[in-house]
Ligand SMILES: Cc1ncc(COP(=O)(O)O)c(C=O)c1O
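Here's a solo chain for you in structure tokens, the form predicted alone.
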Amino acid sequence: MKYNQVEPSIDKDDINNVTEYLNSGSWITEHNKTRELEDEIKSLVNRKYASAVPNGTIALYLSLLGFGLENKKIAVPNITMIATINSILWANSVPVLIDTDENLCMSYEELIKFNDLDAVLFVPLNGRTGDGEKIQKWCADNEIIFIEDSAHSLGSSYENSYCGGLGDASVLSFTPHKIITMGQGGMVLSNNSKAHDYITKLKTFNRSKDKVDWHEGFGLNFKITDLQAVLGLSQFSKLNRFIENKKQNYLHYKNYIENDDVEVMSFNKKEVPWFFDIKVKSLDLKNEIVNKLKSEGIETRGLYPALSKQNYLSKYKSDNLDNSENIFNKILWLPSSNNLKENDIKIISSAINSAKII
């Protein structure tokens, strides 16, 4: 049997909901179902405004534009998916790489060494919230815009707010490996009516009104489809079940992995694992585990490389990135699908337990 590192959890209800919609005679493009999805998500994370877009990368880009963050200096954690920093470059801004802490999130201690930032793009990586609320307060105290890239973290919570509800704006993603999916898709969430109106106009060609070809200024087409939104709504209806399953499977991994040279990385009770990750004593052992699991049909994935290690980003490298540059080689993402059962995790864990460097 093959175990994918991750896969979407699509069931008969999802298929029936999409089929029913296709049979309804709708025009498929973005309309009422998209508004319904936006309303459901913004209500969950306690935001006033939501705007669905084709993917998380576009959502990040639009969130920066919505808050005037072009040609600015923006802090970004040195470990994150490449879209986070590319959105900054797309906006013609300058990324400032910040080292990460033990949660693999942006380090507060390293961040506050910088006093000339225009914005912080914080990432609750893999559902871990780190010092997000502490950093948000520091940003507010210093009149720095705080954008939350919560692509991994729908369902996780800080102490006082949901991921997706922190700071000036937040971004979500709905790609096939996220906790809920609609194939592709993203969302910008905020409480700022001016930013929301700007984003809405920019994503709809800046038309003076619907179905009219007079335009108030420059605009593009960053709409999604109601077809996607119907799948998103169906998935959203199962979010709590997905969350509980993720938390239970995390406990199974904690229980069954017994290799002394492997640490199952922890989550607190308010955090939802996106992927289940282990920290391995050495790169050699990590490679041994990868190869052993692969031979048994078990797929894994390495943590994102430190941004400072990417050749095209080398000019942004600084001298204070030791933790992020050293840790990424020791982290491995295990199979993390919501389709996993307890016995599957026993099999995966047994293979990890038997791996060793001779």
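Since the structure is predicted, the reported quantities are computational estimates derived from the model, not experimental observations. We number the residues from 1 along the sequence you see.
Note that the form predicted in complex with this ligand isn't included here; everything after this is about it.
Only one of 129, 190, 173, 100 gets a heavy atom within 4.5 Å of this ligand in the predicted bound form. Which one? So the residue touching this ligand in the predicted bound form, by this definition, is 173.
Contact assignment for this ligand in the predicted bound form, among 94, 140, 112, 81, heavy atom within 4.5 Å: Selected option: 81.
Given that the partner is absent here, does residue 304 sit within 4.5 Å of this ligand in the predicted bound form, heavy atoms only? Flag for residue 304 set to yes.
Indicate whether residue 252 is a 4.5 Å heavy atom neighbour of this ligand in the predicted bound form. It does not: once this ligand is placed as it appears in the predicted bound form, residue 252 has no heavy atom within 4.5 Å of it.
State yes or no: in the predicted bound form, is some non-hydrogen atom of residue 164 no more than 4.5 angstroms from a non-hydrogen atom of this ligand? Output for residue 164 is no: heavy atoms all beyond 4.5 Å of this ligand.
Using the partner position in the predicted bound form, report whether residue 277 sits within 4.5 Å of this ligand, counting heavy atoms only. Residue 277 lies outside the contact set for this ligand.
Taking 155, 232 and 272 as a possible spot, do all three reach this ligand in the predicted bound form with a heavy atom inside 4.5 Å? Per the other structure, none of 155, 232 and 272 touch this ligand.
Sort through 236-244, 220-228, 279-287, 174-182 and report the only stretch with a non-hydrogen atom within 4.5 Å of this ligand in the predicted bound form. Heavy-atom contact with the partner occurs in 174-182.
In the predicted bound form: members of 26-60 within 4.5 Å of this ligand, any heavy atom: Residues within 4.5 Å: 55, 56, 57, 60.
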